[in-house]
Ligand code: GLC
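One chain follows as structure tokens, the form predicted alone.
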Amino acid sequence: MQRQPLIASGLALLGAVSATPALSADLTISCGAVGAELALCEQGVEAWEAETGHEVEIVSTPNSSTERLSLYQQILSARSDDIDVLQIDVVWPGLLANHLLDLQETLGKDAAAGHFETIVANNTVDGRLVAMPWFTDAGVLYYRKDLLEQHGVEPPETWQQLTDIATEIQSAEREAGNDKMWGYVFQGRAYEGLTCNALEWVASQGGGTLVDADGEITIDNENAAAALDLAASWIGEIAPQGVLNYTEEEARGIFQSGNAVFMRNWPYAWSLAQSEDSEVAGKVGVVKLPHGPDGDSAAALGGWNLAVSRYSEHPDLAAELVAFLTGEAEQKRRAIEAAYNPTLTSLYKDEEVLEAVPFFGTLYDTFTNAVARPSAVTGDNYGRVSNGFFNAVHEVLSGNQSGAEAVSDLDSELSRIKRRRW
């Protein structure tokens, strides 16, 4: 069928959807559009339509997870039935649970059997399974194999090594005529992606996890401050000034065009970097992220899930669509075609999957031991906590504050938020 996704941005989507005449489709589903997300979603939906005879309309939502959360909160608070199935971030189940269907009621108590237990637990709120795991994520380091080999260096194990190697190769490449070459690109915009990057910097340098599992604020310490100061030293040196406004796709664009030595991103970028139109196809390696002198490599836990709105007029049918899209066949297809990490443990031993994405095997421990953002312990206040964190980090990256000043001010801000009881 000819599909015309409903595409809008930010909070304008609610008005756009609400203004749309009654759809002929039986269901609507929101899908992201980072990398190959939208195309994969369309293909999965088409397969379900062919199998069941039902029709599904796809709603494309903002790529910024911060903007998407605001959108969902507005739609759900209005008890709108315009979106039946929602793609939700791994840190949102607690925030949105009251608006979401318990999928165990429609799919059975074993609905999530075989999926990573930590993600199932994350998606279970007050005994209710409010979302099914769709794909998981952890931050990884992409690097130019050809350039590192040319300069006789191994992938960095520490952030200082990354800084040194990036500086050396960037300088050499520019002297050779590529004045667009940068040493390192990452997600530096003031949004949730920067929370993930900064959590990795801080945790991997012995600075803790912002807020610990007991709800204690841990950010105001020397290691955390040093981690942010080191990251700030990259701006304008090995990372372009524009990185302060980069999300995943801007960073990927620079790296994939051949103009960066290193990139921090999620696994989805692998298949795109290897595509026919990529300037770096066949020249890319992937390893775990570096660490500091007082820490171990830390990768932020990411990933997305599928949930059913409590306000859907077809909750059982919507749950069936969720079960199909999160099932083994779909997860295997998405892994092979676009390097989206499965949430089913069995697929990490699948030969076809490992042939398509070798680092799924070599970095298995990275994916299973990723560092969670403090969304569970801070509950409804997580949005404020994350906003405070990424804004403080952005101030350091922008040169407006030192790391020590930022973590001290952030500690005070988080203490005020905590008094609201998380």
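Predicted model only: the values in this text are computed from it and were never measured. Quick note: we count residues from 1 along the sequence shown, nothing fancier.
One more form of this protein exists, namely the form predicted in complex with the ligand; it is left out here, but the text below deals with it.
- Comment: 85-93 is the region of 172-180, 321-329, 202-210, 85-93 lying near the ligand in the predicted complex, near meaning a non-hydrogen atom within 4.5 Å.
- In the predicted complex, the ligand stays beyond 4.5 Å of every heavy atom belonging to A166.
- Though the partner is left out of this view, G295 does not reach within 4.5 Å of the ligand in the predicted complex, counting heavy atoms only.
- Looking at D220, you'd find every heavy atom of it more than 4.5 angstroms from the ligand in the predicted complex.
- Proximity of P240 to the ligand in the predicted complex falls outside the 4.5 Å heavy atom cutoff.
- Scanning F262, Y72, W159, W266 against the ligand in the predicted complex with a 4.5 Å heavy atom cut-off leaves one residue, W266.
- Along 41-68, a single residue, S65, places a heavy atom within 4.5 Å of the ligand in the predicted complex.
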